[in-house]
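What follows is one chain in structure tokens, specifically the form predicted on its own.
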Amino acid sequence: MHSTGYCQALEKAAEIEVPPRARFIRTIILELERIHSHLLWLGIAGHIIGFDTILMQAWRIREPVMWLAEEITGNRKLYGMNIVGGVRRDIPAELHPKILEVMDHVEKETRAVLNAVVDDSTIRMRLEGVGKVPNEEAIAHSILGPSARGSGVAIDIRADHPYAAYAETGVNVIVETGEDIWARTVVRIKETLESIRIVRDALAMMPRGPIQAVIDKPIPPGRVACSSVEAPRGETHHFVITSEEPRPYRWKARAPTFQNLQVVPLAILNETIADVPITLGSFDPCFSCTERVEAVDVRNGQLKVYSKRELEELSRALTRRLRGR
């Protein structure tokens, strides 16, 4: 995601026209990234509330996507596909059947998971009506990505400001109006299915031709540009100023996590501490420092620090109690 944003910003600044085939390849890689990111999140969410069956199923479904990414790019993650002016590697026609086969498999398995969780009363009791972010608060806090779309905010950079090949493939923006963790979960599962549709269409529509633009002169200094990409967690923005040297004079990236975290205090207001881990996790934060929480008893000012293990046990104990009802 970030390499696409960075390259697009430099290409915009330098007025470099990316070949159409490269734009379609970028779209396919971006959607493969979204598929395995959403499945990763689904597994972690299941683990947080004590449903490790979901964790194992979601990650089992995800694994063929990782193998596919490795076959296309050479890496399961950090693909190294983007270069300024195009992509480093082609997706040859002989690889298309393998990609379609994996998409068919992932679609079938993801639909099965969706049908299973929709009918699971305990999961719905844990997620419905919990961690609510009303539509007007989502707009006021400018939250992004699936977190916003789960509160009925129909924003998606792929549809609002198309880049790569999204103007050609189109994007069905997935929106749910429940405003709670359940809505954010359903958005991500349905977006996984939409990503599979986009990969198929991009393969079918991908034109022949070069995958890299010919850059035969230096990028002029002092050019300013910004590029936006819809990452799995929401909008990612890259800002560059070109320089006389072969690197930017300034480069600033903004990821969606900081924006989305601003609404967490509202989402956990009046919830039990056992619901805090899954509420925080429902925003898919990209940081590793949320393993402890300080809770203040407003009646006596007493402070308690919950460790990751204590929070996890509280969350799982709540699920066990609900199952026993």
Partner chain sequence: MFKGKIKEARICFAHPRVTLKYPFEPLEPPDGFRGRIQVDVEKCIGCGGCGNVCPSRLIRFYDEGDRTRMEFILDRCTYCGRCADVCPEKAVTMTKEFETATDNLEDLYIVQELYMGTCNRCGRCFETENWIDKIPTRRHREGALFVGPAMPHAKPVGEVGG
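Numbering follows the first chain given and starts at 1. Quick caveat: nothing in here was measured; it's all calculated off a predicted structure.
Omitted here: the form predicted together with its partner chain. The next part is about that form.
Residue in contact with its partner chain in the model of the complex (any heavy atom within 4.5 Å), chosen from Ser243, Ser142, Thr177, Asn75: Asn75. A heavy atom within 4.5 Å of its partner chain in the model of the complex is found for one listed residue only; from Gly170, Pro97, Gly80, Pro221, this is Gly80. The stretch that touches its partner chain in the model of the complex, counting heavy atoms within 4.5 Å, is 66 to 74, out of 271 to 279, 66 to 74, 26 to 34, 293 to 301. Relative to its partner chain in the model of the complex, residues Asp156, His161 and Gln262 are all farther than 4.5 Å at every heavy atom. In the model of the complex, its partner chain sits beyond 4.5 Å of every heavy atom of Ala253. Residue contact with its partner chain in the model of the complex: Thr257 places no heavy atom within 4.5 Å of it. Contact between Asp90 and its partner chain in the model of the complex is not found at the 4.5 Å heavy atom cutoff. Although the partner is absent from this view, Asp119 contacts its partner chain in the model of the complex, with a non-hydrogen atom inside 4.5 angstroms. In the model of the complex, the residues of 40 to 72 lying within 4.5 Å of its partner chain by at least one heavy atom are, in order, Phe51, Thr53, Gln57, Arg60, Trp67, Glu70, Glu71.
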